[in-house]
Each structure stands twice: as C-alpha cells, then as structure tokens.
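Below, in structure tokens: the form predicted on its own, a single chain.
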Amino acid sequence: MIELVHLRKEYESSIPLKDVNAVIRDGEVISVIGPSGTGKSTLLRCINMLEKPTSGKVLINGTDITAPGCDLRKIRQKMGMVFQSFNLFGHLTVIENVMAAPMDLLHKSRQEAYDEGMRLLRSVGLGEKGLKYPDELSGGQKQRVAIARTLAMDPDVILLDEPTSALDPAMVGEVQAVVRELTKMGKTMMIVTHEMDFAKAICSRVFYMDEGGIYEDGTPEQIFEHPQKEKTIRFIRRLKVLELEIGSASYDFLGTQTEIERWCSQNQISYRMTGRIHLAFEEMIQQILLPVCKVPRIRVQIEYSRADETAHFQITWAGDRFDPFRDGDALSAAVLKSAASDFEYRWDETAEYGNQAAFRILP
C-alpha cells in the first residue's frame, strides 16, 4: 500500500504539488490525468524519490521513504518506472539493457538474467530484437523494451509517466497493448496519460489533478461520465469538444493543427478520421472563409461522437452574409463535400456571429 500524506513539492518558480493526500491500495491501477503543468509527472517522481518532496510523507507499506536514512536502493528494487523518453543505454544491446539491473541489484547470474530477459522480451513481442541496439528500433519498440526492463526487477509497483507521448500515432497502439497486459498481472500501477479512452479502459481509479493536488478522485465512470467538480467537468468537456477561435488572417495555423492533432490523440480518434478533420478544417477555414473575411472573427467547434465515430463541425463567423457551400471556392467546396455530409448554413442578421455553418465528417 502507498500512502501520500500532505505531499508538497516546491521549485523556485512554481509549486506543482501543494498538498497531496491519497491511499493507493495493492493491485489498484490508477490513471493520473489533468491539464499540463498540474504536477502529474512530479507526483510520480516524488513517489519513487527521483524528486525529493519539499515536505510531507510517502509511505510504502508503512515505511516512510522520505525519512533520513531510508534505504531507497532497496525500495526502488520493488518500484519500477517507465519514462516517456525510454532512457535505454545506447551502447548496450536490447537484451543487455534488460539484464543490467537484475545482475547489478539482484545479483542474478548472467545466464539467469539472460533467460528471464529473453522471456520478457518475447512477452512484449520483441524476442527477435535481443541482439539489436536501441538506435535500430522504432519508438514503440524502444518503449516496449523499457517496459520489459522494468518487469525484469519483478516490481510490486509500476509507475508509467506518459509512456506513449513521445511516439508517433501509429506506434501508440502497440505500447498500449502491452500496458493492457500489465494491468492483468495484479501489480499496483499508476499511469500518467493524456490518452483518455485508454485511461478509461484500463484503470480501476482515476486521479484528476489540479490546484496543486488530487482535485477529484473516483472510478472511471464517475470521472469521465459524471464528474462532480467544476474544473473536472470543464476538462472532460474539452476532451469531447474542441473549441477554436480565429481572430486574424495571420493566426498560428501550424499551432492550431497541432492542437487538433493533440485533441484527436487524446480521444483516440483513428488516423483516417484525424486526417479528414484536418482536411475539413483547412478547406473550410483556409481556403473558403479567410479569403472573404475582411477582418476574420471565426469560431470553430468540433465534437467527436464515439458512438458512430463521426465528427460534427459547427462554425460561426462575423461579417456579411456568405454561404460557403454555395458561394465559396468551388474546388475547396468540392473537396469538403467529398469528406463530409449533412451540410447546413443559416444566416442570423441579429447575431454578432451571423453566419452559421455545420457539417458532419464521416468515418
């Protein structure tokens, strides 16, 4: 059991953890979610003492590991950490990366460490990569090696710090599949992730972090379907609905595309659908609306439906009446119509944003 008692972490310019209190029971799988900068990764690093808390306690089975004189080396043998940046030794082969800690810390023989390491590599689908070096692997393969290396110490607790955030979208699934298998092992796990559907599917409990602590704590159903607190409600709504505002012809197009990409990733929207959402945004905003808006004031709302795997666009903008589907650039309108359906345009001369358009992107 892990107990966090008034845990606080201060830096010169910020205080990511102000007062964290929680009891984590053996065998629980906890997803840690929340906006950037709310101390999610810092929490994991304090639990295994990679970051020394400013104050408070971390109790592991009743032992205060923040106390002076605590044998952290012994504690860490039973607490594995998987980082977002893999942290593999580039000068060692894959199997040597997995063997190193059991030989050095558990004093296993080279043969014993090798046999167990190869078994673990096979369990994560990399049995044939044992003699390769890390720079010969893809990002997803490196992360699976990092997971096998963690399992080689047979930890009671596994901490995963955004294990898929450094991966290309195509590689995310392979790592998630391995983590899903880990959750069946009965080990205590804490996973910081921005993949909300993944978090919902694998965990037994969710910590939503904000205001320097665990702002809301509950089951996946409670947090994702029936959040109780204001900031949790706003965060969960933003996951389902992306809202964008464009106030200039020279707005940050690439930054906006990145925001769309991140939102699609958070909601585990398919690669194909993500491409169609990007296409619809570019054709509608870049090619149809911006050329005719003298002073752009455009609002875009994209809502994704998991039930039928469609994305619904609602776009409003200020200015003269303009039907983009009838009067917009013909080529762009044709491209848009090839990817979408249910087009609707309305004009409300009394509204600040009088032009109102909607359409649906099909899978």
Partner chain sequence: MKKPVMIFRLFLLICAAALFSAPDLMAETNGRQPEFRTFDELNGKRISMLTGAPFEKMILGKVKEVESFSYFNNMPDMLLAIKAGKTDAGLSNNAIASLSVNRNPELMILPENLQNSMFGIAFAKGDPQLADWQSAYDRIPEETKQAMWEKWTGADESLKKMPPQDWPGKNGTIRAAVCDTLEPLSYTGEGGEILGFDAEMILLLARELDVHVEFEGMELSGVLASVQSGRAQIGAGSIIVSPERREAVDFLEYWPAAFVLVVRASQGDGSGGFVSAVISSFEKTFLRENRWKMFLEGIGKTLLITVLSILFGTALGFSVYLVCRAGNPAANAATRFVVWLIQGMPGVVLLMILYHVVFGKAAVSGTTVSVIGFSLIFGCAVYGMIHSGVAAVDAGQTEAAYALGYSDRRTFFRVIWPQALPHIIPFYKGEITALIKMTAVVGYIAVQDLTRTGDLIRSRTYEAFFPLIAVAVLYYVLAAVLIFVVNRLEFLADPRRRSPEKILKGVKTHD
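Numbering follows the first chain given and starts at 1. Just so it is clear, the model here is predicted, and its values are computed rather than measured.
Not on display, but discussed next: the form predicted in complex with the partner chain.
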**OP:** Heavy atoms, 4.5 Å, the partner chain in the predicted complex: which of 305 to 313, 331 to 339, 45 to 53, 29 to 37 makes the cut? Say which one.
**Re:** 45 to 53
Subject >> Non-hydrogen atom contact Arg122 with the partner chain in the predicted complex at 4.5 angstroms >> reply: yes
Original post:
Going by a heavy atom distance of 4.5 Å, is Leu131 a contact of the partner chain in the predicted complex?
Top reply: yes
Subject >> Exercise: Leu105 in contact with the partner chain in the predicted complex, heavy atom 4.5 Å >> reply: yes
Subject >> Partner proximity in the predicted complex: Arg276 to the partner chain, non-hydrogen atom cutoff 4.5 Å >> reply: no
Original post:
in the predicted complex, which of the listed residues (Leu242, Met81, Ile202, Leu167) lies with a heavy atom within 4.5 Å of the partner chain?
Top reply: Met81
Original post:
What is the one choice in Val292, Met153, Ala249, Ile233 with a heavy atom within 4.5 Å of the partner chain in the predicted complex?
Top reply: Met153
**OP:** Please state whether every one of the three residues Gln77, Leu88 and Arg149 places a non-hydrogen atom within 4.5 angstroms of the partner chain in the predicted complex.
**Re:** yes
Original post:
Quick one: which residues from 100 to 139 get a non-hydrogen atom within 4.5 Å of the partner chain in the predicted complex?
Top reply: Ala100, Ala101, Asp104, Leu105, Arg110, Gln111, Tyr114, Asp115, Arg122, Leu131, Tyr133, Asp135
